[in-house]
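Okay, so here's just one chain, in structure tokens, the form predicted alone.
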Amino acid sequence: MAEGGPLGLLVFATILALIGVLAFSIRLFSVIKYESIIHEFDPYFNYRVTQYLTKAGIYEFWNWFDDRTWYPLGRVIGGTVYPGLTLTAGSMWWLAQKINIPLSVETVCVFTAPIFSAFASWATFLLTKEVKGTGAGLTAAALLAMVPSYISRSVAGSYDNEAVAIFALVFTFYLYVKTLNTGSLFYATLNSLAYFYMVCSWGGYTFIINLIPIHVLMCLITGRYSARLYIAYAPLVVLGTLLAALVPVVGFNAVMTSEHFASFLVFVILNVVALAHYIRRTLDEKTYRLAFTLVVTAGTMGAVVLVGILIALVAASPTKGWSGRSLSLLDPTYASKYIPIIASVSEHQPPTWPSYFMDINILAFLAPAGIIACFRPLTDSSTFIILYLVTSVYFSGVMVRLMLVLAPAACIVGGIALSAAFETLTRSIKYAPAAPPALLLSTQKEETSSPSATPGSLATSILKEKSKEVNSEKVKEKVAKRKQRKEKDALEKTVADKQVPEDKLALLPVEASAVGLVLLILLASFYVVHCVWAAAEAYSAPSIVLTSRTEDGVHVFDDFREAYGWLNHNTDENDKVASWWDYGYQTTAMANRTVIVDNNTWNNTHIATVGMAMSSPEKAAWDIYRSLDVKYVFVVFGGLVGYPSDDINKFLWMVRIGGGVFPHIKEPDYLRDGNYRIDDQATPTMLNSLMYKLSYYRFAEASMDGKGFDRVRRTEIGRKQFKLTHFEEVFTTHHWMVRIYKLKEQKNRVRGKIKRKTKADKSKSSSATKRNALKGRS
């Protein structure tokens, strides 16, 4: 890194610091254009947990039972959350308080992701440097600092687990490769600690504990076993697994689930291979064959026993020891068949081809060139990068959320490709011969060997005699210097002769090299422009505050906070609020009200109950919500302003999830010609469902044409005029995006029946009195 001396080290440190500044600053568009707020849905839960941690302390956090979620079940927060993000932000806030920096918890949470984006860029530099050198490392770091795929999950305000997990992922890979290159037990221990931090931060740690064993197994199969490989892997499995088991949300899953079995199996194989190498070094050939036979026999028996135990453990689980999300990655159709709650999440859907260009841009085209560069030469570290890229490409093709895991791999191979291309083109220009090399060398030799002019014409003979001794000494010095210079030139020529063939192999014509450099600069400039646009426009807008541009200017839709504010100020603190699970975290954090379901989605039956209520007629839904002590229900509706992510568009998943648990909810009852319709062709079941009524109640009156035209579905609704019998509208936001309803009390209906019965009794008694009076007269 310091090849250019102190100045080179200063330039290198400056570039690296500027990359960190770039990674941080490009993620601040959301704060500059909008405000410093938490984005999306899950970050609000993380923010709420961090608030509790800073107020109550670490011990209370581990034992926190949250009774405001999943009513009436509740949730043990300390045992069901990955604590890495919360503990990191809480430590940053505590440190700021200690050095008298008055930052709020919200401010720390908002800027955690941009800060760790800089750390991730530096970790990418370290990893790429171990594989292909400093130039490739700096290029990869700069690419990761701007890649849109990573920006989408790390803008200011995106306080989710991935904010710190991507740094932990890349840093763990760096320490593994560093240990692989050095064989240092110190780096192996650090690797286990980095893996522990990754386990604390994100459930994606299973990607690490499966990718590294695959790489180790590949090295063993290709005959690349070494002591460095053993040191890099064995401590990670032993120490890393023990540390992972300390995380409450993981616990014994670190040794009991199928996601971890591959690491143990490869660990056994690695020890067998290590034992075989050790025996071969210490025994003669004959004894070695006998020992090898015994080892293979014992190893086979042990492997059979181990495999039998694993099969028994796997067979005892309905999902064969795999989690639902893992099975969805291995079988992309699994979730849609068996777990609709996973398939209903938009980020669990497969990406489209344009999304690759949107999220990684030119890196999709540079990746093949980077793979080729990794084969020149092929090392243990470069094979790991190739495996990382290939596996992440597959997983990103299954689940769009895992484009985030692909981003570092694409940046690494893209940085390697760009660095190799720039090096080849600049070397071709630098070493392009302006004249034949032989002529240049002869000219230099003639210049160095040409005699200097003598000053005899101006000096007297007396001075010559007196200076003879001095001149003779100078001549001797010149001869010695000339001899040293000739030896140096000969040495340089020898080295140049050895290097010229290698250089000539990669040299290109000057004109082609210049054109290539211009094209690469234009390509890099296009990447920068695209990344800045994505950061400023595509990924900076918080989902809780929406904007739209029209001829009149920019319009801001702040309906979500308006609705949560109304719930917070106009309902009782102990009231229960029902909605679809997407909005549970925000309701708890911003409205401070108890919710029935939220984004944790740990209880499918509870979510199906809410789905059944939304799919049922009004009276049946009222009964379901009353059984859950619900007092308010709200729906998100976008038909008036054209907001596509509303509950009507999510309704098909409510039906499927509800029908998966409660068989009387049948999806065909809501379909007309295989489609969900809300116009006059909609089925009666659809028109009478609670979701339809709560969304379109009084909609025809509020629409501009008076006919109830839905701007999202682009059709006129089928049922316009109807009344609610068991729910009453209490609040609708300014743009009709959130509609809040209150359940009517049962006692009002009972009193009404009593009154009606009393009137009937009175009428009967009055008629009987009249009859008696007539009889008396007669």
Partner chain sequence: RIHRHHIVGTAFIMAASAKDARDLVTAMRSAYAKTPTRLKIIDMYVIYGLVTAVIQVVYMAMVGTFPFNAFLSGVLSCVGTSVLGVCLRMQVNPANKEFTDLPPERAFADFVLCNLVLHLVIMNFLG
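In this text, the rigid core denotes the largest set of C-alpha atoms whose superposition between the two forms falls within 1.5 Å. Residue numbers count along the first chain shown, from 1. These figures come from a predicted structure and were not determined experimentally.
Beyond what is shown, the protein has a form predicted together with the partner chain; the following relates to that form.
With the partner omitted from this view, the residue of I521, V390, L246, V556 that lies near the partner chain in the model of the complex is L246 [heavy atom within 4.5 Å]. Distance criterion of 4.5 Å from any heavy atom to the partner chain in the model of the complex singles out T189 from the list N592, S355, T189, T383. Shown alone here, S226 lies within 4.5 Å of the partner chain in the model of the complex, counting heavy atoms only. Of the heavy atoms in V238, some are within 4.5 Å of the partner chain in the model of the complex.
Interface residue remark: N604 is not counted as part of the site for the partner chain in the model of the complex, having no heavy atom within 4.5 Å. Not displayed here, the partner chain is approached by F252 to within 4.5 Å at the level of heavy atoms in the model of the complex. Remark: of stretches 68 to 76, 690 to 698, 282 to 290, 120 to 128, the one touching the partner chain in the model of the complex is 282 to 290 (heavy atom within 4.5 Å). Although the partner chain is omitted here, in the model of the complex none of T50, M92 and L103 has a heavy atom within 4.5 Å of it.
Residues of 164 to 203 that come within 4.5 Å of the partner chain in the model of the complex, judged by any heavy atom, are T182, G183, S184, L185, F186, T189, L193 in sequence order. Superposition of the core reveals a Cα shift of 2 Å or more for D284 between the shown form and the other one.
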